[in-house]
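Only one chain comes next, encoded as structure tokens, the form predicted on its own.
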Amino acid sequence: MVGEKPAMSVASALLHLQINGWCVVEDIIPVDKVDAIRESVEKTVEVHGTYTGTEGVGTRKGLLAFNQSFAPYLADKRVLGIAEALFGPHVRISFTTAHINYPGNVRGALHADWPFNQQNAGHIPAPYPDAVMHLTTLWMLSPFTHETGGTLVVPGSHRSPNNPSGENGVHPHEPYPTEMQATGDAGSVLILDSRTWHATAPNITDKPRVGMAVRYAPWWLNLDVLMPGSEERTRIVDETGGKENEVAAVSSSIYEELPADVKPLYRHWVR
């Protein structure tokens, strides 16, 4: 169709990630499927969710243990192709978290995600090396716009050896001069090098902005600190009184129902 944008290829996405630290890949979840998934995830957060430290933002960590409606799309050839191009063939999913910006939510703090968030017990100490070690993907289950609270990102910040969570001289609660909002239609996926500075944006509409954070890790990145009951979590989090994310286990019954191409991404979470 004349004027229609071509789909972003894996090669184009990798170039965007190398230069800017982020990109948006469109049409990962089909338009005729995304509404049902959004409603399902929104209901899960309503029943099983909690609020984050950002006022007006609801979440459900370990989402797959409560909702599998989105599972068929997690091994999409473009998304997984990007992860495998960076990490090799044995990619794993480290987090699956619902995030809902309710109307009137406040702006969040600029930060980089685990394991680069310096406030987490299991972090890579700054200055960290200039290497991609983790990918954050934000799945747009409703439109991400300037009004609904499309995620704030700072292009190029992934090349910095620290981020505002580590007292690097940038005030985390103040707008950064070069920040911008990532926008896209429902069904699109925002992909970030997890070092990229980003923040929750206010939703000034009267409807929730529903999304999911699904993070992809290489096989060699130790995820045990996220696992309740693991020796690493006991040593690094429990014994020190530190703060760290906690990912809910996936039951064997849920795992067996996952699509064949998604199972390898979750084998390590089965208890």
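Just so we're clear, the structure is a prediction, and the values are computed from it rather than from any experiment. Start at 1 and count along the sequence shown; that's the residue number.
There is also a form predicted in complex with a small molecule; it is not shown, and the following applies to it.
Contact with the small molecule, judged by heavy atoms within 4.5 Å in the model of the complex, is confined among 69 to 77, 111 to 119, 156 to 164, 83 to 91 to 111 to 119. Residues Arg60, Leu64 and Thr96 are none of them found to lie within 4.5 Å of the small molecule in the model of the complex, as judged by heavy atom distances. Among heavy atoms of Arg38, none comes within 4.5 Å of the small molecule in the model of the complex. For Thr151, a non-hydrogen atom is located within 4.5 Å of the small molecule in the model of the complex, even though that partner is not displayed. The shortest heavy atom separation between Ala213 and the small molecule in the model of the complex is within 4.5 Å. Proximity of Arg195 to the small molecule in the model of the complex: non-hydrogen atoms within 4.5 Å are absent; the residue sits far from the partner.
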